[in-house]
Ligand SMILES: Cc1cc2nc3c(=O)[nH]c(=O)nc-3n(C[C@H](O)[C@H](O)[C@H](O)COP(=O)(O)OP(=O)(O)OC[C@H]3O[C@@H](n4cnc5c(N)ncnc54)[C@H](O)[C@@H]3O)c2cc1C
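Have a look below at one chain only, the form predicted on its own, in structure tokens format.
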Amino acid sequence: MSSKHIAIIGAGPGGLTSGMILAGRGHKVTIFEKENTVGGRNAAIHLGPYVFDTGPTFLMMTFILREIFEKAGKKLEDYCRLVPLDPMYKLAFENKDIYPSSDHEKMRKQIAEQFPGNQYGYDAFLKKEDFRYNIMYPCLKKPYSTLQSNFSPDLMKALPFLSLGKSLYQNLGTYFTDEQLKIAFTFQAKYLGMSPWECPAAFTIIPYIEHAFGVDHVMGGLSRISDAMAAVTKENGGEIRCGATVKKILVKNRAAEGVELANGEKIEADTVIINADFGHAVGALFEPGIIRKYSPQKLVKKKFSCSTFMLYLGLDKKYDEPHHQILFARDYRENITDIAQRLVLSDDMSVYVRNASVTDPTIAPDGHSAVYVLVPVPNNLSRIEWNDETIGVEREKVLDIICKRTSMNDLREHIVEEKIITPSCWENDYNVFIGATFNLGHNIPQMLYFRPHNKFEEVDNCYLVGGGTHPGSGLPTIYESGRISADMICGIT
């Protein structure tokens, strides 16, 4: 295998995955990152002495991460300290709390106590979704860059079990009769930025994965994974240039030849990997006319995920609240409909709160806490104007919900550091197309071959990684996208 120079745009999880693997295989790797630190939406936010993850906070399928490090010749545990969470999280309904656990006996007992009779559905869920997972997982590890790939033996074997035409919520109805219990196993559609009433039933593997393999926390925050990947990339001989903004990809005869930086510097490369947000990249990093299939005019007509309203709160108090918890709206379906269809802000909203300081003493001073709050909201196709008034009203609504529905009733009095990220910030500051934080939607017409290909179909010598390509959004699948593209570059299929 001859050595190539590979230019990677963006030091997010996908770009770092490809970089550490390719550098470990002897290629010359240069990663260009516009920020002064690595990680992208998986970077750390520092507010005084408090540390937050910008985006992802749930770590599932940790075995994929271990495999990625092994492919780079390293061991994950040499770089990150992982702590399993049990319970995995708290689900707070108006009249009931559920504490999901990957301990099946513990979970079965809880369901029997709170939802009598549904424990048998839990057994059926574990059995059937284990089968579905084992038949689908190999499909997610392969590229779909040709029409022929749609007829691969693995995919043909899995096709009868994808429950095509059925939603995630409908599929959970085959296991459980109670509405709240169904929601407890379908809210994971939020990892894809989708409604469980629209999310394909095949994604039932996500709640199954949680219950089969559990959820982990990385001490110091999940941003430590990106720091570790950057360290491995450098140890393997790769270069990471932070503060280096790529202005455009150099293309000749519809083939990528390198990149041009904002300062005018041009760098030749045999291959270019795009880890920038897909929608932003195709509109901003190519000369007009090069991108046809995914031009901005065509792209905006596709299905995109919701956005998020974020609060990062440094508190001079520590609360005995779960590491992860979701406070569900009284009418969850109406809240989801507001976000996905009506494109309006809900008064009755669902709020995710991460109180990681209960597990991790390294992210805040002793007796203090770093609290992360995420609220799913419409993306910027909504035309919501995120001005100071809108932000202020939304902030107060979110804080009211947390104060009323948790023990953090004096939360406002203990905020000493604060940062807010709105859909407008995601689009303008983080270069996220229409502020859709979970990227392209994961409906059937935008999956597998019908999603932008890992080997980008519009430009030769160009590959995609991240949530905008196969297999999709979410940390484990983004890691897989980085591995798939690295393997394709090396001729490994």
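All of these numbers come straight from a predicted model, not from anything done at the bench. We number the residues from 1 along the sequence you see.
Omitted here: the form predicted together with the ligand. The next part is about that form.
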query = Does every residue of 10, 431 and 473 put a non-hydrogen atom within 4.5 angstroms of the ligand in the predicted complex?
reply = yes
Q: Would you check, heavy atoms only and a 4.5 Å threshold, whether residue 280 touches the ligand in the predicted complex?
A: yes
is_contact(residue 245, the ligand) in the predicted complex, heavy atom dist at most 4.5 Å:
yes
Review point. Applying a 4.5 Å heavy atom distance criterion, does residue 372 contact the ligand in the predicted complex?
Key: yes
(message) With a cut-off of 4.5 Å between heavy atoms, is residue 54 one of the residues that contacts the ligand in the predicted complex?
(response) yes
Given 44-52, 25-33, 444-452, 64-72, the stretch touching the ligand in the predicted complex at heavy atoms within 4.5 Å is 25-33
Checking 181, 310, 140, 155 against the ligand in the predicted complex, the residue with a non-hydrogen atom inside 4.5 angstroms turns out to be 310
In sequence order, the residues of 435-474 that place a heavy atom within 4.5 Å of the ligand in the predicted complex are 437, 438, 466, 467, 473, 474
